[in-house]
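Here we start with a single chain on its own, the form predicted on its own, put down as structure tokens.
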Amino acid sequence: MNTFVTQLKREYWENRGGFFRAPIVVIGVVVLITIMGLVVGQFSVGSHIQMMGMPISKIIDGMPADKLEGVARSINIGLAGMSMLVQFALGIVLFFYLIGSLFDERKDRSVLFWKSMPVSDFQTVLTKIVAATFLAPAIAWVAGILLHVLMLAVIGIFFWFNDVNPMKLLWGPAEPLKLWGVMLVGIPVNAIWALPSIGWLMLVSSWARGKPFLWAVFVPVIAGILLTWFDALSSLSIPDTWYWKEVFARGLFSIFPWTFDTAGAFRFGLEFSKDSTPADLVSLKSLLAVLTTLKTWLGAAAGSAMIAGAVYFRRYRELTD
């Protein structure tokens, strides 16, 4: 157990630029742009923001309850959207981390040192998977919380400066705790959904002699073009879009958090309407629905098989040129 924890710490320190700094950069950019926008808007109209010739505080005070609920819904949707920015950055980091996870150590020949340690190839690969599916997402989850807190504080100060009670319009209606809880539960669900992408990227990383990015991307692209060109799937009564949605997209991009679905399309969560809330976009209902679909577990089985291949190649593959 101590060996595993040590290896996990090694993965963090070797990749802390992506695991830790990338979410911090996203937070800084989002908060800075928001502050700049609010400041410019404030000074461009004078001392207080007005709408239709009236101070915004008076509009809020006279707003009926159903309208206030709509404002609250918009705030919660905004929080969910901001967290997706962090998750998108996490997906990019994990994509390149997994591509280089087993290739880079062969390239710089550090694999010779690590193979001399009393650690199996399986444990090494497992450590990298845990780093990608739990360690990095946990850091991103904390970063998402920090982003929400900062944004609620910044916008609350803006409301207060414009004589609007932030507790009534912002802090009271917001439901960050519920959103944080669902996103935390989503980490293991995302890990299961992402196994095809994890397996494929690590398999290429362990096998490729050079340019693993090109192998990882262009092999499935060329395969899809050939299948479409020769109309190979139509003879099996399978639409051409099936490959691009269920194989190409799932194999390359399911590493991006919250890309799973419940209706066969490649999109975020459930269908989204004007009455939807963040609880509909990222909800326990959608998480459970993902775990009950056959394609989730078929993909997990395919990903596990490719991970087994990565372990094999890590054990026997020679160094890169």
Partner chain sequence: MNKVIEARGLRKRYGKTEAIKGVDLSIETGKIVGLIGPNGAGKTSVLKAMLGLTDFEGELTILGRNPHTERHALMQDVCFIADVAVLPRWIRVREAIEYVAGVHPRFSRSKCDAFLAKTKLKPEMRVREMSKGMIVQLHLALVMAIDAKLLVLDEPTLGLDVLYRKDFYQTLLNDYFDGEKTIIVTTHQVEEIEHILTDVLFIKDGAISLSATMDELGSRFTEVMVPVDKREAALALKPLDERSVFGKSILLYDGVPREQLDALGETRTPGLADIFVATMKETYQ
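All of these numbers come straight from a predicted model, not from anything done at the bench. Numbering follows the first chain given and starts at 1.
This next part talks about the form predicted together with its partner chain, which is not shown.
Trainee: Can you confirm whether Val185, Thr292 and Trp297, the three residues that make up this candidate site, all sit within 4.5 Å of its partner chain in the predicted bound form, judged by heavy atoms?
Mentor: No, none of Val185, Thr292 and Trp297 comes within 4.5 Å of its partner chain in the predicted bound form.
Trainee: Look up in the predicted bound form whether Phe134 has a non-hydrogen atom within 4.5 angstroms of its partner chain, and give yes or no.
Mentor: It does not: once its partner chain is placed as it appears in the predicted bound form, Phe134 has no heavy atom within 4.5 Å of it.
Trainee: Would Phe113 sit within 4.5 Å of its partner chain in the predicted bound form, counting heavy atoms only?
Mentor: Result yes; Phe113 sits at the interface with its partner chain in the predicted bound form.
Trainee: Is Asp121 a contact residue for its partner chain in the predicted bound form, using a 4.5 Å heavy atom cut-off?
Mentor: Yes, contact at 4.5 Å.
Trainee: Do Arg109 and its partner chain share at least one heavy atom pair within 4.5 Å in the predicted bound form?
Mentor: Yes, Arg109 is a contact residue.
Trainee: Using a 4.5 Å cut-off on any heavy atom, which residues of 2-32 would contact its partner chain in the predicted bound form?
Mentor: Read in sequence order, the residues that approach its partner chain (within 4.5 Å, in the predicted bound form) are Asn2, Thr3, Thr6, Gln7, Lys9, Arg10, Trp13, Glu14, Arg16.
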